[in-house]
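One chain follows as structure tokens, the form predicted alone.
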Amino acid sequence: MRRLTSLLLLAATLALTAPAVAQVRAPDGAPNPTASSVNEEMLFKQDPTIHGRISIPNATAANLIQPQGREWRQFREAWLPWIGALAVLGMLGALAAFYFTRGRIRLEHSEESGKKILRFNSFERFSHWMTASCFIVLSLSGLNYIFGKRLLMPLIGPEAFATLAQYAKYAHIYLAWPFMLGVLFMLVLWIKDNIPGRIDWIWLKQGGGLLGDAHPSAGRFNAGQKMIFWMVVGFGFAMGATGLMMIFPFAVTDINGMQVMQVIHSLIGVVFIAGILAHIYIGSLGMEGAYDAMGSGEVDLAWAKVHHDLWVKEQQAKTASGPQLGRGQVPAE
């Protein structure tokens, strides 16, 4: 029925345009042979797709031309590489500038230096590192989709790049599942400690101790860490939802919806990568002593009192012997 409608529309269009076409002449007065061609724009206004005849069960394969696909291709080939480069390289440049102007935030030594307090238990660290490891592979394989054929294929050749891209696709699909599970774990584990409060606004107004020598008070997570938490949760669920749409194509939406999901997925992805780069910087090179929290799970007590003094007081109130803990000991809850 749809094919019959398309044919009728084509015939009607040709009938309407034929008299006008016959009068169109070339500059020398001769008939213009291209004037009798079908007006493609008019056809697309009548029917948004051009359909063919197929003999396989997949009806979507009958779409021969889909005009929205041109807009999607323009975004993917022209806009997305620039957006991705500006987001990722821009963040790397900003972090480099910050490091060379501010320097590394050093551990402040006091009489409590050398004593340890447990910051994250084993399951919390497992959830973090599982999610982080998957995110790194997902990011690299996703960036390969944007930049691979432009940067990597000229270096290693088309055959090696095709093999690499195929395995990157497998890794992207299969590691998406533990990544989504890790985001869910972190939501359950840390949501109670990441509810915004008045103390977070004070922390932000004072620059979080990054722009000066003062270290504003903070609980278990400061305002900056809370922003990272909600970014991971929000973007993680959004990436999971749009990714599932593409893993199971046409299960929920049509080809137009698939293209929209890919645009949303890629835009969130590059912003997500840029934000996590800042998180990685602060947790490693940017701040001395910060890595221990997710490394061994224990941090220096002097460091904890400087950066998370309210949390230390809570732990001290929970334990009869104070916050000074030996390795492997967990504060009483």
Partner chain sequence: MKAFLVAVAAALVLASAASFLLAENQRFAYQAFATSGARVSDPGTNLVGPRWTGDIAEPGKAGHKAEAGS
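Positions refer to the first chain, counted from 1. Since the model is a prediction, treat every value here as computed from it, not as a measurement.
FYI, the form predicted together with its partner chain isn't displayed, but the following is about it.
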| query | finding |
| --- | --- |
| G84, A87 and V271 each touching its partner chain in the predicted bound form (heavy atom, 4.5 Å) | no |
| Heavy atom of G275 within 4.5 Å of its partner chain in the predicted bound form | no |
| Heavy atom of K115 within 4.5 Å of its partner chain in the predicted bound form | no |
| Exercise: F126 in contact with its partner chain in the predicted bound form, heavy atom 4.5 Å | yes |
| S133: touches its partner chain in the predicted bound form, heavy atom cutoff 4.5 angstroms | yes |
| Segment that reaches its partner chain in the predicted bound form - one of 222-230, 188-196, 96-104, 169-177, heavy atoms within 4.5 Å | 169-177 |
| The unique member of A241, L181, I156, L151 whose heavy atoms fall within 4.5 Å of its partner chain in the predicted bound form | L181 |
| Contacts with its partner chain in the predicted bound form - residues in 278-311 whose heavy atoms fall within 4.5 Å | G295 |
